[in-house]
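Single chain ahead, by itself, as structure tokens, in the form predicted alone.
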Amino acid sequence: MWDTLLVNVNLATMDATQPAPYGAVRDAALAITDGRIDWLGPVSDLPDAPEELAREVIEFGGQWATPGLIDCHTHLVFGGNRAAEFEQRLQGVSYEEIARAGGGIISTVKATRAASKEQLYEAALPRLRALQNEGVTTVEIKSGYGLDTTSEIKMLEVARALGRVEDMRVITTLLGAHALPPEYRDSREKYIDLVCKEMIPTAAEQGLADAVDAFCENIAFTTGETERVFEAAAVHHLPVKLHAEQLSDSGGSELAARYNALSVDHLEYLSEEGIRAIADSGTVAVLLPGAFYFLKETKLPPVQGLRDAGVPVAIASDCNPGSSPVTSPLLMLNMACTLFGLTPEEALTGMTRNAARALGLDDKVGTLVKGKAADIALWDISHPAELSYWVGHNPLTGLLKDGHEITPCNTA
């Protein structure tokens, strides 16, 4: 027998092989065994009465189920906040000016270094739960606010602990090359040495990093410095990701493509050459509408160019203290549509199937298909487009990870 059978539920499978929009299967059932999807299809195709097929049968009365949402780009673990800088920006000071004056990332570095693991955990926990409460079952958490080996490892340990205790699928990314710490202001090469020869090996040896990231930008690191980081990651068999083309066209996306990066993220200034490069490499383009909105940017990412080239597009919150203090994935779906011009189906694909691919998890999560983890979000909606439509309304009624309930399911 199956462990659990969901019946009278509409499935937005997000399976590209399904012909209907959203991969929809209406009036459906979905069976779960040992935490994985074992069967799905129309209720009329069930081989017997539901109570004869499963130990537990849950009736959903026509609600919708989607894959658990995936937030594939966050900086969830950090100390302090940057509300004062928010005020500065409202008065006309640019993000770049704040960063060059010693604020920005560096101000968060000071607070993060000073915080204990327990303090970082307690600060991150409400942010993680906010994502979970809007349907997220998988989240990527980057380091990058330590900028010394001890503090970077501390952040990764906290991220791992959050996943263990809070029943969230957490993917950790080492972002040592996020900014140049003050103590290395006159010694950029030595800092990159530290990232490549100490941070990456330590994180790899301790099994704390699933990937390596860098910030390739005019206020951060050059393509040459970034390539050294990528080379070090390759030595330790860690895939790479890249913050690129947020403030200028640095050519970072072409570099990332040469290293078969899982994703390149931000991309407002992505060139046609960059689009072709990531299309050829299969790299995912991760768009971050929260940062675009919060920084009041005006340069839109080239969405139509990405469409035309067949580049998979993911959407993420970029939850961080400086440029995207956002913990609402549903708001990101709306902003992806209203700010970037994605369709609701493209936006939801960007937080399910393509987000899984951006984390190298597309064989495990991101679609409702037989054999994948039973990470399922259940919604009281009449159509999947409502997930991008509502602002400030959360229609989530239940959340399952690996087939067991994280939040209570509405079985009425």
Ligand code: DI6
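If you're wondering where the values come from, they're calculated on a predicted model, not measured in any experiment. Counting begins at 1, following the sequence as shown.
Although not depicted, the form predicted in complex with the ligand is the subject of the following passage.
Using a 4.5 Å heavy atom cut-off, indicate which stretch of 193 to 201, 316 to 324, 152 to 160, 125 to 133 touches the ligand in the predicted complex. Contact criterion met by 316 to 324 only.
Just one of Thr138, Gln246, Ser263, Thr173 has a heavy atom within 4.5 angstroms of the ligand in the predicted complex, so which one? Exactly one listed residue reaches within 4.5 Å, namely Gln246.
Scan Leu330, Val229, Val284, Ile105 and let me know which has any heavy atom within 4.5 Å of the ligand in the predicted complex. The residue in contact is Ile105.
Would you please decide whether Lys241 lies within 4.5 angstroms of the ligand in the predicted complex, comparing each non-hydrogen atom pair? Contact with the ligand, no.
Give a yes or no for Phe215: in the predicted complex, does one of its heavy atoms lie within 4.5 Å of a heavy atom belonging to the ligand? Taking the distances in the predicted complex, the answer for Phe215 is yes, it comes within 4.5 Å of the ligand.
Check whether Phe221 has any heavy atom within 4.5 Å of a heavy atom of the ligand in the predicted complex, and answer yes or no. The answer is no: Phe221 has no heavy atom within 4.5 Å of the ligand.
What are the residues of 79 to 93, in order along the chain, with a heavy atom within 4.5 Å of the ligand in the predicted complex? Contacts from 79 to 93: just Arg82.
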